[in-house]
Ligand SMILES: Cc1cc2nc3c(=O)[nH]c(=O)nc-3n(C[C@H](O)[C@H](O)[C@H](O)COP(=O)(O)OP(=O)(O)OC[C@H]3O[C@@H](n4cnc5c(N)ncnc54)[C@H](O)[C@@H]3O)c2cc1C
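A single chain comes next, written as structure tokens; it is the form predicted on its own.
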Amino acid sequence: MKIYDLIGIGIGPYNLGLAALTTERSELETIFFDQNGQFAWHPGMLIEGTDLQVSFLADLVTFANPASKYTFLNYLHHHDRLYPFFLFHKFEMPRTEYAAYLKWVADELPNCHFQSTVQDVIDHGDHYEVVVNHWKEQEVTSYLTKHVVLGTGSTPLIPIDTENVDSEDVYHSSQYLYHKDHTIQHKHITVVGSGQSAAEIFYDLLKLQDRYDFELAWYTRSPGFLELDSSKLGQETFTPDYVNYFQQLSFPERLDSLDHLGHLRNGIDGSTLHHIFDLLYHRSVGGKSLPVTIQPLTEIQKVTKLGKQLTVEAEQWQQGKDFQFQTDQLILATGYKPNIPDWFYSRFGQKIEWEDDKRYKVDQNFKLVFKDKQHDHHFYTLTNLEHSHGTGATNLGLAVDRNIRIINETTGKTVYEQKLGTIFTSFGL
């Protein structure tokens, strides 16, 4: 049976970039599987008029190979959009266009296979067996590989009990566009969260408020609706140089560093906050009372449905005061958690080293650290990396650097040059 050099599990932007880079330049035999029917990047959050928070240079391949045919600029060229993007006068890509670019690359690559759920990965000592259910064909097939890359991304985090509430009434922000038409027919809508997704949904609904005549509330546990630090020197933490520095810190030092860099990791784009404030200001001219509530320092604790309305129990945690309010729709922009398959724990949980009960140990080149030090068929992960590689673990601008390290290590040579020492900030001694 054929043995691949590398099998990728999950096809999001990270593994998709790896598939493109290995196809185009390396001699690696690779294949990638995804359980979904086709490629789709956050389809429930592609709100019209929203942009990515990173430059178009943070596409799938440019930082490794600007001459690649899989660059965003080449996508624009193929779709006759170079001049419109030139006149767009922005470095940031529209979210809808980024999603279309990713799908174009996925459709172009011969080594990406959808409708294929990885059911198991078995360690045979000198190789892995990857068991795949090709569900459309109702066929289960085993593939052999020297190395594995786990790129299963994240799954919505819902921190409150919603078990007895209809999913059309309480849902995660990732499902927003699927429920939007239903949501705006109601009289009271509440958004929960302090990040960019919460702000984009709140602003999208705010623009529709006069037309559909609903009350709108926005709560967050955070101390404020804070702007993301986009200062140029501050952004140098999203570079390979900082990742190298961060990776050398002890586990407690890394966790402490993540807390200190919250202003760079989390927050809302300044322009979004300005748009929200400006719209509120214009609508309040003449002392007009607005059917809007914006409140930080508030933790949503429980939601129940009595009759037609939802009853939400909350706490203003700084004052230690509990209160309740009624709403018809509750949208939870409460973030994501790592999506680790069940087979991972049963097959590898006891074989690898852990830094605590939730975070596995990962080396500089994104490999899991096995207790058996002679383990030379590698298991790479692009998921659950903040504790090991820092604030840029989910940053698109660093995805290419991750893939460069994986490709160079698995080939044993420099296929793509890693760029270090190109920034102005020094992080360590």
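Start at 1 and count along the sequence shown; that's the residue number. Keep in mind it's a predicted model, so treat the numbers as computed, not measured.
Heads up, the form predicted together with the named molecule isn't pictured, but that's what we're talking about next.
**Q** Indicate whether T152 is a 4.5 Å heavy atom neighbour of the named molecule in the model of the complex.
**A** Within the cut-off, so yes.
**Q** Even though the partner isn't displayed, in the model of the complex is F370 close enough to the named molecule, meaning a heavy atom within 4.5 Å?
**A** Heavy-atom contact with the named molecule at 4.5 Å: absent for F370.
**Q** Classify L18 as contacting or not contacting the named molecule in the model of the complex by the rule of any non-hydrogen atom within 4.5 angstroms, answering yes or no.
**A** It does not: once the named molecule is placed as it appears in the model of the complex, L18 has no heavy atom within 4.5 Å of it.
**Q** Looking at the partner-bound form in the model of the complex, is Y336 within 4.5 Å of the named molecule by any heavy atom?
**A** Y336: contacts the named molecule in the model of the complex.
**Q** Looking at 356-364, 370-378, 34-42, 66-74, which stretch has residues with any non-hydrogen atom within 4.5 Å of the named molecule in the model of the complex?
**A** Contact criterion met by 34-42 only.
**Q** Identify, from the list T117, S257, T272, T96, the residue with a heavy atom within 4.5 Å of the named molecule in the model of the complex.
**A** Of the listed residues, the single hit is T117.
**Q** Could you pull out the residues of 9-36 that have any heavy atom within 4.5 Å of the named molecule in the model of the complex?
**A** Residues within 4.5 Å: I9, G10, I11, G12, P13, Y14, N15, F33, D34, Q35, N36.
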